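Next up: just one chain, as structure tokens, the form predicted on its own.
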């Protein structure tokens, strides 16, 4: 089964339309001209327009200093008419990422980058939504998480905790041999075709957050091109594009609705 992320995202957004629209703005910060980041902002802007949310983009040149960027973020954090803040990644290598994250007010950090963010990571919410939608019970399952990145792997590993029967954490130093024993694989490395179907347990599920743009083609970590000839099919998987991406965006807005006061 191919999980239609666009359909699930549309259901989430439809649920938000039943709520009162937040009066505060959602501010997105981008540094430089990173093509993928600009594409993700367009996706967020589209949802914001659908929900009639005041969506503001603050774009800064790649030569901005860490101090100046932190000051700009602090201004937005203190602004009374800004309810949520998203800092788009990646940031230039000249920027102190930790200092930037620390400058985001925890009660406005819907992307959960700040050390004391009060929100749940959108990647975790995405996994929860997919598993709930398809009634996937983690309690007796072996789950493998590939990658320990800030936005995907790390928060998902932390969230899984005691929720599954056994958790396998894989990364560049471990190899991928243990994938064969996993009932569910969650991956977010961003390397096209990293995981081939024959590496997986028959009947496993794959939630793929990987995003790799090569030669004008967008691919995930899972080699879906080989699935049609694989003799041991998967139970389900998320495609790229159209899988986890739209759900992630919808979950960001669900975070925004959770704490921003709605007009009475």
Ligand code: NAP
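Numbering follows the first chain given and starts at 1. In this text the structure is predicted, and so the values were computed from the model without any measurement.
The form predicted in complex with the named molecule exists for this protein as well; it is not shown, and the discussion that follows is about that form.
Partner proximity in the predicted bound form: residue 84 to the named molecule, non-hydrogen atom cutoff 4.5 Å | Contact check for residue 84: no, nothing within 4.5 Å of the named molecule in the predicted bound form.
Flag residue 22 as yes or no: does it have a non-hydrogen atom within 4.5 angstroms of any non-hydrogen atom of the named molecule in the predicted bound form?
-> The answer is no: residue 22 has no heavy atom within 4.5 Å of the named molecule.
Is residue 152 a contact residue for the named molecule in the predicted bound form, using a 4.5 Å heavy atom cut-off?
-> Answer yes; at least one heavy atom of residue 152 falls within 4.5 Å of the named molecule in the predicted bound form.
Using 4.5 Å between non-hydrogen atoms, is residue 171 touching the named molecule in the predicted bound form?
-> Output for residue 171 is yes: heavy atoms within 4.5 Å of the named molecule.
Location of the named molecule contact in the predicted bound form, chosen stretch of 23-31, 206-214, 61-69, 45-53 [non-hydrogen atom, 4.5 Å] = The contacting stretch here is 206-214.
Just one of 148, 163, 180, 133 has a heavy atom within 4.5 Å of the named molecule in the predicted bound form. Which one?
-> Exactly one residue meets the criterion: 148.
In the predicted bound form: members of 236-250 within 4.5 Å of the named molecule, any heavy atom = Heavy-atom contacts to the named molecule in the predicted bound form: 244, 245, 248.
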